[in-house]
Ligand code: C2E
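To begin, one chain is listed below as structure tokens, in the form predicted on its own.
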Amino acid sequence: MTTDQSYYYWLEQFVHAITRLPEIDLKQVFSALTELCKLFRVCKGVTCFYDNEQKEAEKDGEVFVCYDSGEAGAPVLVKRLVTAANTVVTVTAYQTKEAAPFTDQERERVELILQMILTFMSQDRLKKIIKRMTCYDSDGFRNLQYLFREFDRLAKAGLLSGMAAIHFNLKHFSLINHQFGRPGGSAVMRAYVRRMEQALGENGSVYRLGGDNFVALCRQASMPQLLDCLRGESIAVDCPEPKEVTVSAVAGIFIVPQGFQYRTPGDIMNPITTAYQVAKANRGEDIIYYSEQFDLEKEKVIRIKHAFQNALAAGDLLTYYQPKVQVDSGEIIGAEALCRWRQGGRIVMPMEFIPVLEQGIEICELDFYMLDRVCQDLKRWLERKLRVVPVSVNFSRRHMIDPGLFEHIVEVIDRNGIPHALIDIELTETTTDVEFTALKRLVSQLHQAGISTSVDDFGVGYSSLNLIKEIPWNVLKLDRTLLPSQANRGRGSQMFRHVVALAHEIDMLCVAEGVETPDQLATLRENGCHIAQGFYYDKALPIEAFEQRLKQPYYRK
């Protein structure tokens, strides 16, 4: 074969290889380039790809060697292209010192080949950039679009049945960000996901929904390794000194059943999201497998939320009052407002609907509804010259996302013309540093406005001393679980006594909830807790019964 024949033959092979669809035949590409390089005495061909011109100046890019004979050579031809995306591609041909220089015709032909390589590489890299932008997020994690494509691919291949899909959220990750800063937190997140992907191997992959929420997709054979990661992995952190932090997750798992009919991504996303929500609401178990029973519960939630809006409009949400009693005198010195729902001929207790409303913003609507109803009752009592006592109103931590919460609370109180001293806002513990900051700001604002605040259910969950050290509360409400029992009387009594003493040291009133027996009342007296609330005195009373109680405000001592 003549030189011209060889040139046209291998050029044709090269063109066929780079235009072959849907997949480029890289083996044929490199084979053709090798023969063309030999034909024109090129000892090495190098392509460089840079994300931008700054990266090019810093020599910070990806290098591809198209052909290398192993002989030392110098650049003899260079082609450069700046793409529409501002990426830069360069192609360089090398020759040894001993090689004969190109003739004019050879130079034209080599330049043509380099230009074709340049065009091919720039298009190929742009495709990869587009894929990276559409299928990966800014931190390099596979994104939701990538996950949906994988669902479609597995479904078409008949491989979805038996797969496990997992929606998981990294527990208390805001605390890790707070401790190590955003860069350190991001490094911990990447290390954790990388550890999980290593555990899954080729049997699974991880996708990011956003923030610290992810989905994992894997074969059931990899479930033991995945569960180990979800329960907790120790991750090394270098910021600035080496430390280790344990990362764990709350997760909902859906095992795709045999014969599963896949139509849309929601067929898988809905079960794992439902299971995850159950796990998140469940304080006892962080990993929950999906059950069809959850869908029935979901329908119940929808019914309750719909009925709630109707109840608001119809005035079927009633305000009951449970007295707070001064232990030594037996006098009613306050009350807590509690909601009851009138449905037909029965009264629905809070545990049947409050947990459902807590899942969304409906609880915020209820809290302000109750505050307004309490203010209306207080206003009526004041106008009738009846005896009044301060009333507590519960506010969910869901309100912490409202930057104008203080103003909204004050607006309701002032609109009804109620003295600030007659309202106490009860707030529960928070679970994130962001919520804690918002809670501290709110309590400080209410304190300055002369509105009392209470820590509700202190002693439940993860209440910490920081909660009462950093925030200027007026009242500490001790949960019934802190009251000493027969089983823990020794240690329990000591704990109770010290908590009460601590509250008094920092000028907080103590209210013990759930007081039901004379023994419990005696414990309060012995330890200096002066205010009690519970069935020993009264259950929550409808407004008419509470008004009668206020007229006779003393219980037996």
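Start at 1 and count along the sequence shown; that's the residue number. Keep in mind the model is a prediction, meaning the values are calculated, not measured.
The following text describes the form predicted in complex with the ligand, which does not appear among the structures shown.
With a 4.5 Å cutoff on heavy atoms, R340 counts as touching the ligand in the model of the complex. Shown alone here, D212 lies farther than 4.5 Å from the ligand in the model of the complex, counting heavy atoms only.
Using a 4.5 angstroms threshold between heavy atoms, F535 counts as touching the ligand in the model of the complex. Q322 belongs to the set of residues with a heavy atom inside 4.5 Å of the ligand in the model of the complex. Of the candidate stretches 442 to 450, 365 to 373, 166 to 174, 251 to 259, only 365 to 373 has residues whose heavy atoms lie within 4.5 Å of the ligand in the model of the complex. With the partner removed from view, the residue among M351, A100, L296, A236 that has a non-hydrogen atom within 4.5 Å of the ligand in the model of the complex turns out to be M351. Comment: the ligand is not present in this chain, but in the model of the complex one of E336, D286, D377, E150 has a heavy atom within 4.5 Å of it, namely E336. Residues from 511 to 528 that approach the ligand in the model of the complex with a non-hydrogen atom closer than or equal to 4.5 Å are E513, G514, V515, E516, in the order they occur in the chain.
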